[in-house]
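Next comes just one chain, in structure tokens: the form predicted alone.
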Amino acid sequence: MLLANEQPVTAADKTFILLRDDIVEGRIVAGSKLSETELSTKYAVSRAIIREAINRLEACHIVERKANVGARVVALSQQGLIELYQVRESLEGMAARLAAVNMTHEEIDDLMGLLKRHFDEIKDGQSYYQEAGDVDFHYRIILGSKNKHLISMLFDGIYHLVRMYRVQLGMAGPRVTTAYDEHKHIVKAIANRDAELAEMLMRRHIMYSKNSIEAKLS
């Protein structure tokens, strides 16, 4: 999945995005070792380009290096989830608070339109949380905060690790409907310019999401 501000220009950019998405979506298994030789063959690029991509993925926190082991994909764990979502709850809560103040009427209308399309997907029985829909919802609110430091901390920091947990251990069944309802209330608070309520609802929404994923890890 390409983010809105991503325009791959070089072979290194394209390889980074392909490798990142293969890791996030589980095609390269969590916890597995990354071989520069094997990856250079798979993506038909030089080992130098693979090395650069791995370095960038390490900065995204979805790859780690260990002494005498080399680079490997991070493992998804209960403790890792708890620590990640403690940070996510705080930062995205702040983003919702700022979005209630800083989003334009047009941006809020677009967010409402996005939510309407999500409702149609749920109604048709599609797996809302396995697709990019939920990511787009959170992504737009983060951008709507208009705070470049917060945006960088989320997108350049934890965003793809969050996606990794959510895509690979995503929600199904009743949680899909309740999560959609939570989104609806968050958007309503933002539209009403109720910053305090928007933050509280976003923090609660992320806590519920964490609980749902944690149940699958335990």
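Start at 1 and count along the sequence shown; that's the residue number. These figures come from a predicted structure and were not determined experimentally. Take the two forms, superpose them, and find the largest set of C-alpha atoms that agree within 1.5 Å; that set is the rigid core.
What follows is about the form predicted in complex with another copy of the chain, which we do not show.
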query	finding
Partner proximity in the model of the complex: H149 to another copy of the chain, non-hydrogen atom cutoff 4.5 Å	yes
Contact label in the model of the complex: H185 to another copy of the chain, heavy atom within 4.5 Å	no
Partner contact for R163 in the model of the complex: another copy of the chain, 4.5 angstroms, heavy atom	no
Exercise: A59 in contact with another copy of the chain in the model of the complex, heavy atom 4.5 Å	yes
A99, L169 and A215 all contacting another copy of the chain in the model of the complex, non-hydrogen atom within 4.5 Å	no
Candidate stretches 185-193, 38-46, 23-31, 63-71 - the one whose heavy atoms come within 4.5 Å of another copy of the chain in the model of the complex	63-71
In the model of the complex: members of 39-63 within 4.5 Å of another copy of the chain, any heavy atom	R51, E52, N55, A59, H61
Core-aligned C-alpha movement of N192 between the shown form and the other one reaching 2 Å	no
Core superposition between the shown form and the other one, C-alpha change of I158 at least 2 Å	no
Per-residue C-alpha change between the shown form and the other one, K14, threshold 2 Å, rigid core fit	yes
